[in-house]
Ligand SMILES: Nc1ncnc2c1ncn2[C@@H]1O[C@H](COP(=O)(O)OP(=O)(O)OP(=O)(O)O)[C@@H](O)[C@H]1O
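Here's a solo chain for you in structure tokens, the form predicted alone.
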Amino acid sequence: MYLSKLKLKNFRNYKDLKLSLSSGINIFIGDNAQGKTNILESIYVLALTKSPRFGTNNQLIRYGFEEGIISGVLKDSKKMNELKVSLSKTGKKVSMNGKNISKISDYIFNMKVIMFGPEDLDLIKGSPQDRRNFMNIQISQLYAPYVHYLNEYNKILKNRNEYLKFMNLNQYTDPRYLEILDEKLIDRAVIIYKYRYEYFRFISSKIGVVFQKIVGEDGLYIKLENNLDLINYEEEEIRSKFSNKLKNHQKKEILQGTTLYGPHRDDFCFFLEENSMKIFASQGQQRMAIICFKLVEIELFHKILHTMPILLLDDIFSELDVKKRNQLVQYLPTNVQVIVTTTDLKNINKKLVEKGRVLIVKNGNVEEKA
């Protein structure tokens, strides 16, 4: 899978950009604030309809314009699809091959991307909400049904929270209605937990080996954390423990007007030799742990989907010493499209530069290096 063409119209600092991309390595070089990261961001939005950075539609659209458009041609061994995301101040629309797609969840399974960037440190240093958002986006790319069940869960959760508030304010309520909501919530939670468990089980089984080879340290692992005290994530266990939590804490939830237990409270944490990396690891160790996490993700994407995701690398090499750059390059698959940004080609492994197509970015213009 690779993106062969990219068109931007009124996106960030690009008024009208048309690019042809290599199926291999594409290197965008330029000074800061010239638009390199905006190109990676546009590809991410084309795939997932949202920015990896904090940004509303208004911020993504070029200043002074009402609409921004990202389109591209996605190719693989079997077919070619034209994807399009139209951004306006009131929302967004998506289409494939000229046909509008009404549900975003039906669109985002088409193009797979994994992005490495400065914001990645939020996966360790950020909030549980940051990590849940990341987890949901990544699993949505792997398993099409996940988005459906997650959306249903969130709708039921919203109704349940509203009814809890209603019960707190009204003496005469129907407890059976809350029981029905609980049953529906648990049904969706079982499926969500199973997908999350499989995702993290694979990553945690591989990440320690990759970290040891690149960094030279042992003991890295990832742990999915839940507030139901789940151990094996078997259906019977999930149903029993979730149901008991909701029943045993019903009065507390009614008083607070919110659901205190379930997958919407999940988190995941990085550990090195049993110590939380958020507290005990250096920023360099944290950065390398996240890079290794995403390298393992590439393998998982290939295992599940039998295709390679597009890799977006936003100036990650400048933070690494020569040894780590070389080790990282060894882990990048040869049959994958890589799109890299940098302020200096010296920051990038020589093998990548020799194999890559170099494009110069300046003031929202892109030209191939002579």
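Residue numbers here begin at 1 and follow the sequence given. Nothing here was measured: the structure is a model prediction, and the numbers come from that model.
What follows is about the form predicted in complex with the named molecule, which we do not show.
At a distance threshold of 4.5 angstroms between non-hydrogen atoms, N26 is out of contact with the named molecule in the predicted bound form. The closest non-hydrogen atom of G35 lies within 4.5 Å of the named molecule in the predicted bound form.
Of the heavy atoms in M308, none are within 4.5 Å of the named molecule in the predicted bound form.
Although the partner is absent from this view, L328 stays clear of the named molecule in the predicted bound form, with no non-hydrogen atom inside 4.5 angstroms. Contact with the named molecule in the predicted bound form, defined as any heavy atom within 4.5 Å, is confined among 332-340, 43-51, 56-64, 318-326 to 56-64. Contacts between stretch 1-21 and the named molecule, counted in the predicted bound form as any heavy atom lying within 4.5 Å, involve R12, N13, listed in sequence order.
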